[in-house]
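In what follows, one protein chain appears twice in different forms, each by itself as structure tokens: structure 1 and structure 2.
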Structure 1
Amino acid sequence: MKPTKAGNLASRSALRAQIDDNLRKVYEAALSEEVPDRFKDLLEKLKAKETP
């Protein structure tokens, strides 16, 4: 039995919604992560070079 065009569109839409939700969760998790100490150290070194 061949899937209908409407059924195919519905499954694509559901898949796209699931991908959107997963990407949003990953993005929100990345935003809540702390900045690594190594990166903070590099920023401090750059600030020290900028100020006379």
Structure 2
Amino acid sequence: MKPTKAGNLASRSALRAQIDDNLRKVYEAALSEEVPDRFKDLLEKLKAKETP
């Protein structure tokens, strides 16, 4: 039993909004993770190699 076309569009855009909202949450959760020191250490090591 398929919903009406109008109902379909409305629920599709609500669905899309819900998905995008969750996507941002997933991404923001990853963003809020503390960045391990190893990367800053790596950058500092690389920089130190460059200085004459």
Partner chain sequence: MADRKPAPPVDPRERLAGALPSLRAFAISLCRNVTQADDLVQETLLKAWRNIEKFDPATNLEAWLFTILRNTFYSSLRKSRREVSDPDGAHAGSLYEKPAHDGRLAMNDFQRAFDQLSPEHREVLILVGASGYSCEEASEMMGVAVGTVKSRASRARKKLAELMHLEKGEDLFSGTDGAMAAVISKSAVQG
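For clarity, every value in this text was computed on a predicted model and none was experimentally measured. One-based numbering along structure 1's sequence throughout. Rigid core: the largest C-alpha set superposing within 1.5 Å between the two forms.
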*Name the structure that is the form predicted alone; the other one isn't.*
1
_Core fit, then V35 C-alpha moves 2 Å or more between the two structures_ = yes
_E44 C-alpha moves between the two structures by 2 Å or more, core aligned_ = yes
